[in-house]
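Heads up, the chain shows up twice below as structure tokens, two forms, tagged structure 1 and structure 2.
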Structure 1
Amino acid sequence: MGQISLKSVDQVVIKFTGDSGDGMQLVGNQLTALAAVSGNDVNSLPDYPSEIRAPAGTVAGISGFQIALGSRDIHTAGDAPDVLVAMNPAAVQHSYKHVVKGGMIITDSDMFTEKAMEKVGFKSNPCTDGTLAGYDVKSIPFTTLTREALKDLDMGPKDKDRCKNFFVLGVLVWLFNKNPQDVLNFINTKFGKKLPKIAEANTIVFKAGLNYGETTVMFQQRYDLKAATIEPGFYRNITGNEAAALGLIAAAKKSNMQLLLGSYPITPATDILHEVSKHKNFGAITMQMEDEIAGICAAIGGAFAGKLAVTTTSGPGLALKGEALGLAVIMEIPLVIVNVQRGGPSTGLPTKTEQSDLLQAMYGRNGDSPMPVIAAGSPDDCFMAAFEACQIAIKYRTPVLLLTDGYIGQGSCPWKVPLESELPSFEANFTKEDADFKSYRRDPETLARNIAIPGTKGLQHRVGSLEKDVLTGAVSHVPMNHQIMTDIRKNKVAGIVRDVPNAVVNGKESGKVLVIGWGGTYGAVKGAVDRLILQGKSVSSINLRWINPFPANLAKIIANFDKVLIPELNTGQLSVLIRSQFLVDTVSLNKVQGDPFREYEVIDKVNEMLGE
């Protein structure tokens, strides 16, 4: 066997593709965790079909998982894969054109039967007929080798074949020079007690994969990826949905309130409900209701009763909650609505990401019903965005809409776990005794109204969907009272700008092009603009975390640039808001393909605007 060299890289992008039962999500998550443990910066992008089980071996049934590992800051899951693991001909057909030229394609050669290839339009084997010319193709008989490794184990053929993803993982752990003990620990933790035979099988197969990488002459290089330079602290890998759930729980603890989550399962938001339900030791209450309307109404009831109330959903669910959102606005109660956006309209693309609920979040209610809107920019940012949404909801007695999306909700990255002492405490300050209690008397600065928990002696009051008297809360149809109440609700939300941090410019404070990102576009915009700045281009960027209200310094920043580019995973919804509020002729970069931006797409558009 020849000498195997180490290939030093500062970033590598890997994509796993296979049938839904091939375990590609598990392998991807495991390699992500391994890379994070070894100190790499990581960003991942799960990609799977919405059908419960599309026909096996078809392109429609392919499940994918892309990760970028780096020894430097990583902001996205990468533009194009350097390494593609494709478990069958359909997976090759699905993804090979996206691999960088000269990149590696690893396949299960056992799966390239005549029937399987014909099913996806290959007339002959793409690994040998020149289709994959220009790529470094590694055809490995994963199925045969897995069965051989498990020949002495008393398991059925199907059960043995389900273990081949751990053979793949063994090869990759060797290829990317990661610590195999971390995988063995994972197998023992996940399967050891409940499914000891599965644990034994996966262990055997994983070690066989490692040995294959070590002993075969197929690979001449291994990847050498140094640890990234990161701020000292305790880190864990986290998805956006997990981070949002933990942010809500942390907010409940720091406000000394009980968290109540009323929700209805919907992709891709359901994981927040799952995660919160795991933490009942913190007193969290989860209520899986019969539909979206019941979910938010349960949360409104919780808010009325003094809980830190939250409901979670995705696009079509937010539409169903519309009337109840208006109820929360007119009742002026603290409520957080987490909307993990997906492709629409209607049920649209349930498992694909999009940012097309922005205008629904801003205006999707009857009447003038303003609501604060905050958008998380990355999986780890979902923690503080959720925490901040709770702070604002409690302080201003208002529902707050938190927007994430499928990309950052299901994607993952390393997260520096904050100390409890690093998080601010905040109090609900419910009225407990007041001889002259008026439920709509307000704090003169925040315009937040008085709230007394029902049952508090002497503080009986009325709430509901009808307009209320500006002071007493009694039902009022007086025309001027409605004018005053409408203006107060509008001014209260506008006044939240006092708590909104100024936008921070990435790059110079003035120049030719300003790129404005929001939500899940943050990573692609930041990565692209960083690369353009290194090339000496006159371009800067900002990320809008708060969209209603906008940061106070946004108008001044925009005025310092010749042109403004707004990339969005919709047809230009933030552009509409920026144009209407600041009278700026923005340039839109729009994409609605169920797929996040790649850095090169932003770079190409900026260069076009610069005339280059």
Structure 2
Amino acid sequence: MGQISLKSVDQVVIKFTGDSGDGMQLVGNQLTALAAVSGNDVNSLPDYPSEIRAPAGTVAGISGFQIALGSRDIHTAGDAPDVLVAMNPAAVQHSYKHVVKGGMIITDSDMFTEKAMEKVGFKSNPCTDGTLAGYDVKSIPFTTLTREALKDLDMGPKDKDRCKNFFVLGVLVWLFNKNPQDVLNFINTKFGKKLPKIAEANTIVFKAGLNYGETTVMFQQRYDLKAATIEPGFYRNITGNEAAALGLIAAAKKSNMQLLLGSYPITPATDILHEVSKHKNFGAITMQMEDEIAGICAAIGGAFAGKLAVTTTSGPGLALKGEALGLAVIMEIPLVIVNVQRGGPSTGLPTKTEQSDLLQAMYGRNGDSPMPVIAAGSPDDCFMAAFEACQIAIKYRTPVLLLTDGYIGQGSCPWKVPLESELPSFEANFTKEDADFKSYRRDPETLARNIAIPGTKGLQHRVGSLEKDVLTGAVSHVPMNHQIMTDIRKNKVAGIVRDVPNAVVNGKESGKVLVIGWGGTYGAVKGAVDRLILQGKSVSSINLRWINPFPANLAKIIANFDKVLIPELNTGQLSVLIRSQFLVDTVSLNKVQGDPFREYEVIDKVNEMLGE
């Protein structure tokens, strides 16, 4: 038995699976935080069942959490796990096939009773019967060890067993060579004051896990993760939904407006409503309405009142909001709609990610009803994307649709936190005085209309959902007026291009294959293309953050490549838009499995297109 060696790696992907009571999300989040603090880049992906309480010990009830950590810039939660922590036979059954060949599987051997194995279709113990041949299996009696460590503590057996996840965390902290002090601090701040008994128990168990790693011969090597090249700055871990919420609050602050969020709970968007609701001390108003229609309508009412108006939802909710979106378009009022996309159609896959609401976002309204669409590319990007959506909505007097998705909304990554002073200020510029006020008089450049909010002295006027006169806003059924107004609404949205940054090419400016990512595919596309470029392949990528309007230089970039590949978590919706607008024969890479792209999937497709 030699010395334990340190294996230096630039990326490790770890997946945690267990029953919802096993505390795997907490362990995952803790490891994410530890890795981030020690200078690794990280990206995580929670994956949980849509049933609130599926039966324990069944595959359907397994909740998972995957993270990638390491030194390369990490853009996704990783392709296949190198290490699987599976807390029972169901968890093993759920995930073992995804682990890379030769990868490690850590399980709680205490859970492998005949009944538990039978329940998930194992005829005998998979750890010993050859099912897991080719994997490095570590069967550790977590339950027994936890109980043993706590035998002197006056505590109920159920409570003792609940500390098991900290044993697991101890083993992992040892395995990945992280600083245990950070966990001890965490235990102390989380439980120390309120639940000193629990704090003590978790501390004992966590240390027992650390020592177990140190003293047993179970692990021949530890991982040494090289630190990442990360821009210096102040960081925090953040999910996309939290980031979006903070972006909205920040936009309210920087525009000197009060935030008014009208919403209705729907997975996976609800966390934005949760988060904003916490921050009433920033003056934020949240109205949980009776349905999605009322959610957007309350926001529209708030917009009339001169508030920074927002509504948040997911696919089916966006469908319900369709008519009110049209009202916001014709009224030309500032409004931000956040759609955290999930699998469809209809109720579809509520907890799974997809990008299939793009055409709904573009066209899901009656009449010619153009609306700017911006798509956030990563959890941290949700902050600036939400902030920008507010800026554009206010500046152009238009509803703006922000698309995120379940993957980036619920996934997390480190976020370089900006200072308030670094964020741009912007102003609503509502009309306060005008001897000759006309509600549809426009700024000649932006085509944004005048808005006087109710209560403004002497500017009372009427607006409505019927087509309106090009200047006064009064109802007009004049045929030519409708033509002109339709054209103006279209041109106004197209004109937002002046505020849309040019797309930046990752790689050479021209070549054989251009991969276009949008929204949540950003990470997989960037990661894959970076790797291909390192191999000397003639491939570049861009990420489309603005989809309506497209960046001004997009046509030129596309023209510089022989082929265009568009990976999407839908059946080819961005392809439809790019093909029709640029008359280019795009190649689609589509996936609708409720799961984001893995880098290798993009790599394989590019190689195929390069004829390799």
Partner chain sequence: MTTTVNEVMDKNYFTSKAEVKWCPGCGDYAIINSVKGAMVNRAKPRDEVAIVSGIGCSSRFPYYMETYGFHTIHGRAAAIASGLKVGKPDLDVWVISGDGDSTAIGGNHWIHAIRRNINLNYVLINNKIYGLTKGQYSPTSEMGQITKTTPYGVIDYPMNPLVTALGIGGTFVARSIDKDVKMGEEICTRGANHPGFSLMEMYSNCVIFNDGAHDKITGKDKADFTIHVQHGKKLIFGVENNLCLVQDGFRIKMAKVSDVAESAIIVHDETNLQLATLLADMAPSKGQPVALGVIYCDPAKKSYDFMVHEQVQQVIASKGEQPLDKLLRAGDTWTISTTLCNASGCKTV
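The shown structure was predicted, so the numbers you read here are calculated from the model rather than taken from an experiment. Only the largest set of C-alpha atoms that superpose within 1.5 Å between the two forms is called the rigid core. Quick note, the numbers are simply positions in structure 1, starting from 1.
Chemist: Looking at the two shown chains, say which is the form predicted alone.
Modeler: That would be structure 1, which is the form predicted alone.
Chemist: Would you say Lys492 moves between structure 1 and structure 2, meaning its CA shifts by 2 Å or more once the core is fitted?
Modeler: Result for Lys492: no, shift under 2 Å.
Chemist: Using the core for the fit, does the CA position of Ser109 change by 2 Å or more between structure 1 and structure 2?
Modeler: It does not reach a 2 Å shift.
Chemist: Superposing on the rigid core, do we see a C-alpha displacement of 2 Å or more at Gly130 between structure 1 and structure 2?
Modeler: No, because once the rigid core is superposed, the C-alpha of Gly130 moves less than 2 Å between structure 1 and structure 2.
Chemist: Enter the rigid core superposed C-alpha shift of Asp152 between structure 1 and structure 2, rounded to one decimal in Å.
Modeler: Asp152 C-alpha displacement between structure 1 and structure 2, core-aligned: 3.3 Å.
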